[in-house]
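Next up: just one chain, as structure tokens, the form predicted on its own.
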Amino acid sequence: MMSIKENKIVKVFSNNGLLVAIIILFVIMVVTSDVFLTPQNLINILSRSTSMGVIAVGMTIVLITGGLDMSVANVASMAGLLSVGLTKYQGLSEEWAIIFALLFGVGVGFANGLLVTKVKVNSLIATIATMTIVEGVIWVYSNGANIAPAPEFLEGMTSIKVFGNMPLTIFIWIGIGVLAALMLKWTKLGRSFYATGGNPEASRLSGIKTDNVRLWAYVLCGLLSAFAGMLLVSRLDAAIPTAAAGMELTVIAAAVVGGTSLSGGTGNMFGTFLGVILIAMISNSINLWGVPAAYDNVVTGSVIGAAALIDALRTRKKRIG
């Protein structure tokens, strides 16, 4: 028989497993690295998480509705290229370049939404199609070359420091996450996201326009992905065609590890935030330990696999319970 004390410990790990994992990794890094706990390294972890974190906000919304968006990374890269290239090559003002870059994200999100809701294409297939199309556009537009420097406005988002030496972009990411969390909890649209993902047929019968709800989810995801691309430009001071390569899988892992279900209807922004932090800490740890960069993909793949396993166990437990 398990004692009351042991049962409480098991419950803590069960209900707060992600937070416990972050604490354990934090302690390991403090012990094994003299650099990890320095203020600059901790700021670097947060700063390098901003783009992934903003995309993860949009991905979480799509996952809650029962969908998936594989185009987010390429949308981010292309939006970043447009935010710089439209100014440098087409002569637009910085403001209009940024607006067009954001509209590009909205447009791809709208296309994804139409394919999923109207044409009834599986979300994985639909967004892989748009991902591939956007990837082609990236290479046609950039010819494989970086575009620099970043516009003054975008550069300022990283160069402006808050509370000492923390880039403004960190607080922009947190602010977007808080607004999304409030939207999910307190607005009709937010509650409709959960209802649509949890039981689409019951939601439709109760009067929720589920197709419109899913469409909004993809549009918001496209918009946030485009904005994340500009955050990347701000941090790197250049638009790089491959800047967000592979990030679509990382943000899915972050969201799922954070409690968002791949089958829809479940998820929250705080969990996604912790998922992003955990993945960023793992990547930072690999660098500090001097592990070859090639192993980064091995670790990322392991995290994705663990996320899928966690989601499967979570779904099974829900069905049994």
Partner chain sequence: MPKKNQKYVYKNEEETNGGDIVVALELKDVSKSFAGIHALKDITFSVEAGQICSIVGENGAGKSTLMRVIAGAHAPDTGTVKICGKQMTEFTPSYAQASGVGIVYQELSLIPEMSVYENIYLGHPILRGILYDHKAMAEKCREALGEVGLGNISPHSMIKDLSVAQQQLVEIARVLVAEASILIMDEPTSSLSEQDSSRLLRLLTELKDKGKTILYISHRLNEVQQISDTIVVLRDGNFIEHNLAKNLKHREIIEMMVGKAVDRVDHMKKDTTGLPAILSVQNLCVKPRIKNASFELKKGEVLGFAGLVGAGRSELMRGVFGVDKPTGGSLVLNGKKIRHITPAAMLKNETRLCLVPENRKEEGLIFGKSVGENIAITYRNFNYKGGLIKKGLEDDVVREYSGKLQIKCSSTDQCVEDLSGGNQQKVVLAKMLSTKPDILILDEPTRGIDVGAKAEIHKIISQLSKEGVSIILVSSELSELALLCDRVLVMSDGKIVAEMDREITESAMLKEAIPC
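Residue numbers count along the first chain shown, from 1. Keep in mind the model is a prediction, meaning the values are calculated, not measured.
Another form exists, predicted together with its partner chain; not displayed. Remarks below refer to it.
The closest non-hydrogen atom of G271 lies beyond 4.5 Å of its partner chain in the model of the complex. For G198, a non-hydrogen atom is located within 4.5 Å of its partner chain in the model of the complex, even though that partner is not displayed. Mapping the unseen interface onto this chain, G207 counts among the residues with a heavy atom inside 4.5 Å of its partner chain in the model of the complex.
Contact check for S203: a heavy atom falls within 4.5 Å of its partner chain in the model of the complex. Of the residues N143, N165, Q90, T187, just one reaches its partner chain in the model of the complex with a heavy atom at 4.5 Å or closer; this is T187. None of 262-270, 279-287, 33-41, 48-56 except one has non-hydrogen atoms within 4.5 angstroms of its partner chain in the model of the complex; the exception is 262-270.
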